[in-house]
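Here's a solo chain for you in structure tokens, the form predicted on its own.
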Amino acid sequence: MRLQHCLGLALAVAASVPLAARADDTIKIGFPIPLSGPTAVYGEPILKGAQMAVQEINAAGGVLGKKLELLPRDSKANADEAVRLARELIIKDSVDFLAGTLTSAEAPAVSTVAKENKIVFVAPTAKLTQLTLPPQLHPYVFRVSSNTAVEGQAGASLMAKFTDVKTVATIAPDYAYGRDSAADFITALKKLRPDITIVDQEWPKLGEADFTPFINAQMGKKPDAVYCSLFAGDFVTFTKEATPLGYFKAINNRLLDPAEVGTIDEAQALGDQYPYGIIADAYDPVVWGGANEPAEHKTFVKDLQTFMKSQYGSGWAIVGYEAIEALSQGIKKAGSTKSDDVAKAMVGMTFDTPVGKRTFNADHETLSPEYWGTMVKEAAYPFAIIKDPQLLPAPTTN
């Protein structure tokens, strides 16, 4: 009996060795992201982009000789759920790093978890400016996306070109992102066009099912143009309710939206119901035209189409892809998987993306510009595309 007991212990120890070895050869990245509800139209392709980056990096030998393992979870675009998942990923799944989240409600909440646990967190999309401003800024949070100050500057520069526009209204979701988006746009616009008056501001909740009261209230103020920060499923619902009421016609389609409704993901979701003629943006226009498309982007889109088994790919996948690329570059630069080392290495670090180089500044920001343009219908595509996408604001060294 004693011999059998000893043999059993020996076998148990031997069996555990390969598992430990496998664990040591893996770098785990927790990735909470909305995969259900109205924001999944953005969340799902962001995850696909991150997964493709992991696949490419692992195929090339991994990072520091280790394979990346992505652990996605459905945050449902809910801050409390994102926090619960982040803590579970750290405690139960022993992740080495965090990336992901979509909204400006989720990201600050998960950033707090990252700070408490001293673990690097890379936010691919949240634009809330305060995410990286004191006192919220801490050593472990980094952002690869734009922020509301950057998008507001771009949007204001385009609105200012409407010389006959004298009154402007805004409509934005009533939470941190929407409030900051509208405020930063107005601040930038007042500097460029002090003659323009803001005549109305509407604040539907995130996930609003009925925009009709907000649409009617805004039309009653008769603005010449609108700055709209609605996105994902909210913009789809808003458009379907606003069009039959004559909303877009009343403003001659002079609506600017900085919330990536220029992506082919959003355009495909609306199909022929897309409000052609508005001005919108995307991190990746996918369909470029002209001769200014980087060769790296052409390769990225082709690979993404294959990976997603999609004819067109996605305009959102790029930010998930960039988040993983930035994190892997930080690990390589640090020569370590310890968050303290990686966090220090990422400050001032330049990394490659399919649309050019990005650099984390002292505030852990890339200040990423986006591609803007008028949304048009072309016979070659069954959805709206950005005509002659223009990078705004013009990239600067940061």
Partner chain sequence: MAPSFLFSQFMGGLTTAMFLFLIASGLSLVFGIMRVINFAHGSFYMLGAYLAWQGVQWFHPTGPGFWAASLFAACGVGVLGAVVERLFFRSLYGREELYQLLFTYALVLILGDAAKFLWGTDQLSVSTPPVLAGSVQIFGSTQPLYNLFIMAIGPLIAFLGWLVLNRSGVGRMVRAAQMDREMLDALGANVGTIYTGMFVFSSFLAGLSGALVTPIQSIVPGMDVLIIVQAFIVVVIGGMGSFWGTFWGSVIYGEVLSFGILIFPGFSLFSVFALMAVILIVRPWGLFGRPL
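Quantities reported herein were computed from a predicted structural model and do not represent experimental measurements. Rigid core: the largest C-alpha set superposing within 1.5 Å between the two forms. Numbering follows the first chain given and starts at 1.
Another form, the form predicted together with the partner chain, is not on view; read the next lines as being about it.
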{"query": "Non-hydrogen atom within 4.5 Å of the partner chain in the model of the complex for each of K298, F351 and L367", "finding": "no"}
{"query": "Close approach of G207 to the partner chain in the model of the complex, 4.5 Å, heavy atom", "finding": "yes"}
{"query": "4.5 angstroms heavy atom contact with the partner chain in the model of the complex for L71", "finding": "no"}
{"query": "is_contact(D257, the partner chain) in the model of the complex, heavy atom dist at most 4.5 Å", "finding": "no"}
{"query": "Non-hydrogen atom contact T237 with the partner chain in the model of the complex at 4.5 angstroms", "finding": "yes"}
{"query": "Heavy atom contact within 4.5 Å of the partner chain in the model of the complex, the stretch among 333-341, 41-49, 369-377, 59-67", "finding": "41-49"}
{"query": "Contact residue in the model of the complex, chosen from P194, P294, P134, G220 - any heavy atom within 4.5 Å of the partner chain", "finding": "G220"}
{"query": "Position in contact with the partner chain when the complex is considered in the model of the complex, options E106, E151, E266, D284, heavy atoms within 4.5 Å", "finding": "E266"}
{"query": "Within 4.5 Å of the partner chain in the model of the complex: residues from 26-40 (heavy atom criterion)", "finding": "L35, S36, G37, P38, A40"}
{"query": "Cα displacement of P134 between this form and the one not shown reaching 2 Å, rigid core superposed", "finding": "no"}
{"query": "Post core alignment: L71 C-alpha displaced by 2 Å or more between this form and the one not shown", "finding": "no"}
{"query": "Cα displacement of Y312 between this form and the one not shown reaching 2 Å, rigid core superposed", "finding": "no"}
